[in-house]
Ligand SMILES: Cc1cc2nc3c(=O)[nH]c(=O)nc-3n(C[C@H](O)[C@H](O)[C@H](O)COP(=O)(O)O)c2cc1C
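Below you'll find only one chain, the form predicted on its own, shown as structure tokens.
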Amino acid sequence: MSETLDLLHKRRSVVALNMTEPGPTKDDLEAILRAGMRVPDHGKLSPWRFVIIEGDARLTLGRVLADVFRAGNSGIEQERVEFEAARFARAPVVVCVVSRAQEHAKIPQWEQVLSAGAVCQNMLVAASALGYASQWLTEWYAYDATVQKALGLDGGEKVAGFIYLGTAKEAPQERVRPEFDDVVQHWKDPAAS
């Protein structure tokens, strides 16, 4: 089996809570982002962009999450607010992949959204190839207007995912995968029956 197929067959997400330092070096992060940029992109629109969250910015943006969460959940326990404040501090680097699908005469928005999803997947594979742990998350804060504004998203932009990058504290456990024959079928011409 080729090295690439072996990597694809064994790639696992690592829960962000199970990540630690070190995160990707500057060169490795650039390589991960460049791999993300190598996705199918009908019309060469680049319908995505990146917002890198690292260093103290993780804590600053975490305070935004905590404030938003507190405002939307009156009477919430302080422990839960602190949990929300620490979300971006779980990994050394978090990359927000922003989908910026737009109206286009020839390229449906759906294809542009799929391209942003492919960016996220390529980044996970690239991170794994470089020996880093990674996880693709969205959760509530990806859909919150105040958080989107804090991230600098424009009106039509959406969060495709937050890619958490770091080093695994322990090897991830394998999860249940679908049975091959349960998800694969061959098309047959109904007229031939």
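Note that residue numbering follows the sequence shown and begins at 1. On a predicted model such as this, the values are computed, not experimentally measured, just so you know.
This next part talks about the form predicted in complex with this ligand, which is not shown.
When contacts are judged by a 4.5 Å heavy atom cut-off, residue 18 does not count as touching this ligand in the model of the complex. Among residues of the shown chain, residue 138 is one whose heavy atoms approach this ligand to within 4.5 Å in the model of the complex. Under a 4.5 angstroms non-hydrogen atom cutoff, this ligand in the model of the complex has residue 160 among its neighbouring residues. Though the partner is left out of this view, residue 9 does not reach within 4.5 Å of this ligand in the model of the complex, counting heavy atoms only.
For this ligand in the model of the complex, the listed stretch (45 to 53, 138 to 146, 22 to 30, 59 to 67) containing residues with heavy atoms inside 4.5 Å is 138 to 146. Of the residues in 154 to 193, those that come within 4.5 Å of this ligand in the model of the complex through at least one heavy atom are, in sequence order, 160, 175, 177.
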